[in-house]
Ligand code: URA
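One chain is shown next in structure tokens, namely the form predicted on its own.
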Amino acid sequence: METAQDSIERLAAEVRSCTRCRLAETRTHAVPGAGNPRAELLLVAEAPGAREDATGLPFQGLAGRFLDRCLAELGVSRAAVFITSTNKCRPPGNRNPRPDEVAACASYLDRQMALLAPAVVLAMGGTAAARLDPRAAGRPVRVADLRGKPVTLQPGRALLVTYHPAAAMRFPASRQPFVSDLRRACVVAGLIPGLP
């Protein structure tokens, strides 16, 4: 019988060999995501950056260290969550993924969400929010307009929207809202005690 880990690994292998869009031509490694296959919290960002492209792992640079520190301050280890992105390949020059590139990766993210079956999905940044939040309907969004207003994606699965960790790291005005949203996601997912 196939386990959740086996299914996630099979999907990851498919992502690593993907050639569905132009990003496959310029990537070093596709980045399918990593973490606990039974995670109650799924963190979804935009797309891999240079360090992620080099290693094939999510959140390996400065924003990754910032995210790890924020999780640790809440008493949550990275191993307790699953981290992925809307796009699995790095756009050249770290530009935003184009709509056709987001569409090419859409089924991978949908399948990850189905296999992981998390209680909470935290969309980090505008690209992830536009892809996952039904209020956005795929259109560009301002994170500030969606954050703090959870949405039910399906029974037993909530979506929260927050700033990307890189924005929270760089811009003080985004930092506290990001930490607050991450805490709320951890509480709702049952990773830490408290009121959402």
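What you are looking at is a predicted structure, and each value in this text was computed from that prediction instead of being measured. A residue's number is simply how far along the shown sequence it sits, counting from 1.
Below, we refer to the form predicted together with the named molecule, which is not included among the displayed structures.
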message: Quick check on residue 59: any heavy atom within 4.5 Å of the named molecule in the predicted bound form?
response: yes
task: May I ask you to check whether residue 133 falls inside a 4.5 Å heavy atom distance of the named molecule in the predicted bound form?
output: no
- prompt: Is residue 45 a contact residue for the named molecule in the predicted bound form, using a 4.5 Å heavy atom cut-off?
  reply: yes
- request: Tell me, please, which stretch of 22-30, 138-146, 151-159, 51-59 lies within 4.5 angstroms of the named molecule in the predicted bound form when heavy atoms are compared?
  value: 51-59
- prompt: In sequence order, which positions of 76-91 have a non-hydrogen atom within 4.5 Å of the named molecule in the predicted bound form?
  reply: 85
